[in-house]
Ligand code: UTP
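Encoded as structure tokens, the following chain is the form predicted on its own, with no partner shown.
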């Protein structure tokens, strides 16, 4: 049975409030995929997490506490997403091992963050490694990896294919602590590298992007391998 992990960015489902219309469409799309494909879905914290983190950081709250706040936001978003699935876990796992056990019961397992220092990207890579998934879809608010932030620099160019090492170089350049918003954190990329997990970076709002990867193994976004 084929297994795919999706790192579903919090900005996709919870930017300014819950994007319930997308959540419904996404759940229907996943549930209508071939039944011999299993999914692990790791949900990010989105606007709620960023709002709390940025507000509290001004008062000197340390990164460990900020991470805990972000983790709780991811689990809340994950629980909201499970509401749109007919056959998924109703209790959000707090560890990758717990999620792996649930994957033996459910075709779709949904979770959020796990512990301070681990972004949901890292959790996604760890989950993919744990359940032997060789494809990781990182669904973000942009349509791939760029030479610089395309929201800030018009001259930014999309990079279709990257090696793990090149992706690490770009990720480290953009990293800025808890609540940072890079295409993927370096720990997640390193884990994918050691287990040869192919990463696809796509605009998570476009369902055809998932379909191209799952059915054809192609993308108009970016690949890291």
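Keep in mind the model is a prediction, meaning the values are calculated, not measured. Numbering follows the first chain given and starts at 1.
FYI, the form predicted together with the named molecule isn't displayed, but the following is about it.
Undergrad: Only one of 142 to 150, 100 to 108, 81 to 89, 117 to 125 has heavy atoms within 4.5 Å of the named molecule in the predicted bound form; I'd like to know which.
TA: Within 4.5 Å of the partner lies stretch 117 to 125.
Undergrad: Tell me, yes or no, whether residue 40 is in contact with the named molecule in the predicted bound form, where a contact means a heavy atom of each within 4.5 Å.
TA: No.
Undergrad: Applying a 4.5 Å heavy atom distance criterion, does residue 10 contact the named molecule in the predicted bound form?
TA: Result yes; residue 10 sits at the interface with the named molecule in the predicted bound form.
Undergrad: With the partner left out of view, is residue 199 within 4.5 angstroms of the named molecule in the predicted bound form by any non-hydrogen atom?
TA: No - in the predicted bound form, heavy atoms of residue 199 and the named molecule never come within 4.5 Å of each other.
Undergrad: With the partner left out here, check for me: in the predicted bound form, does some heavy atom of residue 137 sit within 4.5 Å of the named molecule?
TA: Answer no; every heavy atom of residue 137 is more than 4.5 Å from the named molecule in the predicted bound form.
Undergrad: Of 41 to 56, which residues get within 4.5 Å of the named molecule in the predicted bound form if you count heavy atoms?
TA: Contacts from 41 to 56: 44, 45, 46, 49, 50, 53.
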